[in-house]
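Coming up is one lone chain in structure tokens, specifically the form predicted alone.
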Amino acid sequence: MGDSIIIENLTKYYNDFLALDKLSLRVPEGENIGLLGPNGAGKSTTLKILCALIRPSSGKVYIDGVDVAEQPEKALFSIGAIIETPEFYSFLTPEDNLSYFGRLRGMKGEVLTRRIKEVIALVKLEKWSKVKIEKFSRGMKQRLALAQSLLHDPPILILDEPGLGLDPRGVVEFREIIADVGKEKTVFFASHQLNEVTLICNKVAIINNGQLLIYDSITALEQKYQSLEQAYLQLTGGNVE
């Protein structure tokens, strides 16, 4: 098995602000990896570059061996993603939105219809499948975003704060879904919820000021720092946010 995600010397400037500073990281196939760091550490920037939403100033990223900058469509075919706060066509229903996204990815017919029903059931939106999105709470949109990311059954999930806007029950259900689907996929996700990360991931990468501070198993970090929280606090020199 190889690496699902390879990040090499990734650097990103926003005008004069250095958001990523020669970040290098490899995510092995089938691993569930948490990306941790304070606000402004570079987490969202990293994930946006992986999903071809923005371009790096320098450095390379590869998805399943495909250079994202050179072949974005081919690279993105392997990815399901939630980046920042998801938005959908509010005048359409979940079924309509998923049908549209599925067709964009080349899905059609009975395969698409069946898969829409499967992912809507997975995120527990069956009762809302024919209701317009304009009536949805933020948490419900987040559930639909997860359904959208899983629709084409991608081998890699890239998730930016997937539990954002969910109530405690929703956070638990989300975690269980991600942990379950993560048994057969590579999962790379940014989060401030350290407890959720420990329950889903086996390794974490902690970054700050665009630099990688440490990349190790949670077990190793707990042995060295007593807990993941202590590791985070000592390495970043700040608070858990």
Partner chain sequence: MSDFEKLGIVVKYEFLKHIRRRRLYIVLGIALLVELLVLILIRLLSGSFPSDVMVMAAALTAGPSLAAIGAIFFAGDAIAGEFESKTGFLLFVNPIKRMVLWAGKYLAGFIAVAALIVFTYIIVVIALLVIYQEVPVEILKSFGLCLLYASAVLSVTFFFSAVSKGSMGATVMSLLFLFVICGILESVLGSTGKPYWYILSAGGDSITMVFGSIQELLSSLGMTGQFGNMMENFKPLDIGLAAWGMVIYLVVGFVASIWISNRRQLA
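Positions refer to the first chain, counted from 1. Since this is a predicted model, take the numbers as computed values, not measurements.
The same protein has a further form, the form predicted together with the partner chain, not shown here; the description that follows concerns it.
Q: Can you confirm whether Phe136, Asp167 and Ile178, the three residues that make up this candidate site, all sit within 4.5 Å of the partner chain in the predicted complex, judged by heavy atoms?
A: None of them does, since no heavy atom lies within 4.5 Å of the partner.
Q: Taking the partner chain as it sits in the predicted complex, is Trp128 in contact with it (heavy atom to heavy atom, 4.5 Å or less)?
A: Trp128: no contact with the partner chain in the predicted complex.
Q: So in the predicted complex, is the partner chain close enough to Val61 to count as touching (4.5 Å, heavy atoms)?
A: No, Val61 sits far enough from the partner chain in the predicted complex that none of its heavy atoms falls within 4.5 Å.
Q: Classify Pro154 as contacting or not contacting the partner chain in the predicted complex by the rule of any non-hydrogen atom within 4.5 angstroms, answering yes or no.
A: The answer is no: Pro154 has no heavy atom within 4.5 Å of the partner chain.
Q: Going by a heavy atom distance of 4.5 Å, is Lys183 a contact of the partner chain in the predicted complex?
A: Answer no; every heavy atom of Lys183 is more than 4.5 Å from the partner chain in the predicted complex.
Q: Determine which one of 8-16, 226-234, 21-29, 213-221 lies within 4.5 Å of the partner chain in the predicted complex, judging by heavy atom distances; exactly one does.
A: Stretch 8-16 is the one.
Q: If you look in the predicted complex, which residues in 85-102 sit within 4.5 Å of the partner chain (heavy atoms)?
A: Counting only heavy atoms within 4.5 Å of the partner chain in the predicted complex, the contacting residues of 85-102 are Thr85, Pro86, Glu87, Phe88, Tyr89, Phe91, Leu92, Thr93, Asp96, Ser99, Tyr100, Phe101.
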